[in-house]
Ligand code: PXL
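Below sits a lone chain in structure tokens, taken as the form predicted alone.
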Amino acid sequence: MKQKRIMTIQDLSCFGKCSLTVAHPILSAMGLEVCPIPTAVLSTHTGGFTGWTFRDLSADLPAIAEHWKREGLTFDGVSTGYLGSSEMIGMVADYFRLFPEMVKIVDPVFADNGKLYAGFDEAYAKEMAKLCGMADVIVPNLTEASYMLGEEYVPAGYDEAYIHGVLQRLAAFGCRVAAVTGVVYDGAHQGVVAYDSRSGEYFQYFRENIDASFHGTGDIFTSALAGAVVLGKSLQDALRIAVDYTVECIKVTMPDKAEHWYGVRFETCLPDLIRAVNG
């Protein structure tokens, strides 16, 4: 069987379990040939650290794409994470156009808990909405969804009808599947709800709502989801695999939360992910 090949476009934090630092090993463990495109190199991620170094590599992206195209390389999928600027969004859109055959998974990564991350504005959200319109699968959280839709953020008290409406409006951007992460209906469970605009079906998967927050869990979820989708898993199975893996990574880290505040021990749970993919 031919090995599936996926490119992943995001920054590389040399310390701190997020972005390419987790995406590459997770996708590799799932059996995919991973082609990483680092948009920047940082000494650490920016959550909780100070004085970190940063080197922008975005100027290399067009040349990488052109070289790959000249070499006749093809890709089964692409997963994008933190991009950081509207210019970078445009470069990623060019990759989508140059390699139209690949399944495109976009995690917007620009806001959470009702607020934009530092360095982002509403104009960036609008540009990201355009990129989401070019994707096959998008996985915003509710904050990112509200900014891209230009709607008021609703932090709690929503119901299934509200989430389904958000998904329909997100899918209207042009993506095939819109999935919203971090959905909590009853306080006891948290999960993801997705809408397939082609079939009109809704899918969801929930696990226990763990009262903890770690950096990089969104990147872990998106990596596992992207890997499952590119491997040809059904949408329901892909959601289950990604949520289960993310939750298990959090649970195994909880006893060491004080020491591992910067990220979860995702490596420990890779055997579980491999079994889930091959089961």
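Counting begins at 1, following the sequence as shown. Treat the numbers as computed from the prediction; the structure is a model and nothing was measured.
As for the form predicted together with the named molecule, it is not shown, yet the points below apply to it.
Only one of 56-64, 240-248, 225-233, 37-45 lies within 4.5 Å of the named molecule in the model of the complex by heavy atoms, and it is 37-45.
For the options Y185, F206, Y117, F96, the residue carrying a heavy atom within 4.5 angstroms of the named molecule in the model of the complex is Y117. None of A125, L170, A194, V109 but one reaches within 4.5 angstroms of the named molecule in the model of the complex through a heavy atom, and that residue is V109.
Proximity of T21 to the named molecule in the model of the complex: non-hydrogen atoms within 4.5 Å are absent; the residue sits far from the partner. Interface membership of Y147, defined by any non-hydrogen atom within 4.5 Å of the named molecule in the model of the complex, is ruled out. Contacts with the named molecule in the model of the complex, taken as any heavy atom within 4.5 Å, map within 215-234 to H215, G216, D219.
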